[in-house]
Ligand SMILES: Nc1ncnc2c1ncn2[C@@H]1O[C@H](COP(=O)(O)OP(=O)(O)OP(=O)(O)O)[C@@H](O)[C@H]1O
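Below you will find one chain, with nothing else, as structure tokens; this is the form predicted on its own, and questions on how it binds or moves follow later.
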């Protein structure tokens, strides 16, 4: 579904990505792993068009989307849950979800899409009139994911949705992602720093280090790879 080859880029004149390569197969959970500063967030932002790549190619369903505008990428079926959730704190839960209906198709089927996300996140239905800033950290993560699902994406990209959450809540969020893959067939590209947490649900993973893809494989492949141990443990 997604193929990234030789991706280079960064912010201003500061180069972050030195050569990122990855593939995401349909209806799988692919994890982008690596320590802080390895280029994981920059990779997602470049894929979705928030940053323009300096070199390399990005293909989605065999269509070259390298460098095209973000709104066109969203229309093609890619949604991003950004780092830090980025919800609108002073707006209600329902208003945050309505903000996710960027596409006309989502607005036209808003009632159906709301019923869908409420079936996955019943706690949000209970709190739909509540200000988003009053939600717990786990509920805010659920809201960020639900907002991205409003557009009915083919590929859902998430940037550390478990960050700052207690272990029990982190596992709950990952269980929801697993359900989205198994029951809904949604393809997921997940950025995660904790390789053991990612290993609970990932089908395949890539390790980034200093903006370069240095290892790939299943969880068992990666956990036994000396390059992975060196990246995390030094």
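Numbering follows the first chain given and starts at 1. These numbers come from a predicted model, not from an experiment.
Below, we refer to the form predicted in complex with the named molecule, which is not included among the displayed structures.
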Worksheet, complete the sentence: Exactly one listed stretch (36 to 44, 199 to 207, 168 to 176, 58 to 66) reaches within 4.5 angstroms of the named molecule in the predicted bound form by non-hydrogen atoms, and it is 36 to 44
Worksheet item: At the 4.5 Å heavy atom threshold, is residue 139 in contact with the named molecule in the predicted bound form?
Response: no
Worksheet item: Would residue 24 count as a contact of the named molecule in the predicted bound form, using a 4.5 angstroms cut-off between non-hydrogen atoms?
Response: no
Worksheet item: Even though the named molecule is not shown here, does residue 28 get within 4.5 Å of it in the predicted bound form, heavy atoms only?
Response: no
Worksheet item: With a 4.5 Å heavy atom cut-off, would you call residue 70 a contact of the named molecule in the predicted bound form?
Response: no
Worksheet item: Are there residues in 174 to 200 with a heavy atom within 4.5 Å of the named molecule in the predicted bound form, and which are they, in order?
Response: 193
